[in-house]
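Only one chain comes next, encoded as C-alpha cells, the form predicted alone.
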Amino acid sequence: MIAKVIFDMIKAKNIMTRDVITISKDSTIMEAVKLMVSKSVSGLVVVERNKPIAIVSENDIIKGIVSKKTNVQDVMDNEFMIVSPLTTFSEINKSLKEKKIKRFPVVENDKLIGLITETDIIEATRDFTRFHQIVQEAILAIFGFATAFFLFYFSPVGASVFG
C-alpha cells in the first residue's frame, strides 16, 4: 500500500532521460544503425517536427536489414505510448507489464522533452527499494532506542537513577 502511494508520487519527469536520441522517418537504416552504435542506445524515437511519431529498435533494424528495407519509415513501430511529464510511475510500470511497451516518449505541449526506457524504470525501482530499506532501518533504530530507554527507565537501576 505504501509502495503504491510512493509510486504514484513519482512522475515521469523525475525518471526520464532528457537527452533523447531521435531520427527522421526518411533516414536510412544504416544511418539509424550508426546513430545507435555511436550513442550506445538500443532504440531511437522517430520524430516529425520534434513530435514523436514512432519508435525504431534494434529488432526493427535487424528485421529491416533481413527483408532488405532501406528507410526507417519501412521498419519503425507506430505502436507506442506517449506519456506526459506528470504521468505516474505506477501507470508507466503497468503499461510496461501489461502492454509490453519498452519505451515511453515524454511529451509536453506537443514537444518531445524526454524518454523513459526499461532501464529508467529498473533504476527508479532500485532507488525506491533502497529508500524503503533506509526508512525501515531508521524505524527499527528508533524503535530499538525507545525500547532500550523504557527497559532501562523501568528497571531497578533506572528507578534509582530517575527516582
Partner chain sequence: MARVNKVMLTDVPTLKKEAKIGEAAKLLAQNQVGCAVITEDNKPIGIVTELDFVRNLASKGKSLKENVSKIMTSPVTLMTPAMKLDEALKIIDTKKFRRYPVVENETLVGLVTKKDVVNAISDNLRLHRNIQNVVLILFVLFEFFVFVIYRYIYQYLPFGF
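Positions refer to the first chain, counted from 1. Only the largest set of C-alpha atoms that superpose within 1.5 Å between the two forms is called the rigid core. Source: prediction; values computed, not measured.
Only in words, not in the display: the form predicted in complex with its partner chain, which the text now covers.
A residue is said to contact a partner when one of its heavy atoms sits within 4.5 Å of a partner heavy atom; F145 fails this definition for its partner chain in the model of the complex, lying far away.
When contacts are judged by a 4.5 Å heavy atom cut-off, K69 does not count as touching its partner chain in the model of the complex. Although the partner is absent here, I62 lies within 4.5 Å of its partner chain in the model of the complex, judged by heavy atoms. Shown alone here, K111 lies farther than 4.5 Å from its partner chain in the model of the complex, counting heavy atoms only.
Contact residues in stretch 111-127 (any heavy atom within 4.5 Å of its partner chain, taken in the model of the complex) are E118, T119, I122, E123, T125, R126.
Core-superposed comparison between this form and the one not shown: the CA of D26 stays below a 2 Å shift.
With the core held fixed, E98 shows a CA shift below 2 Å between this form and the one not shown.
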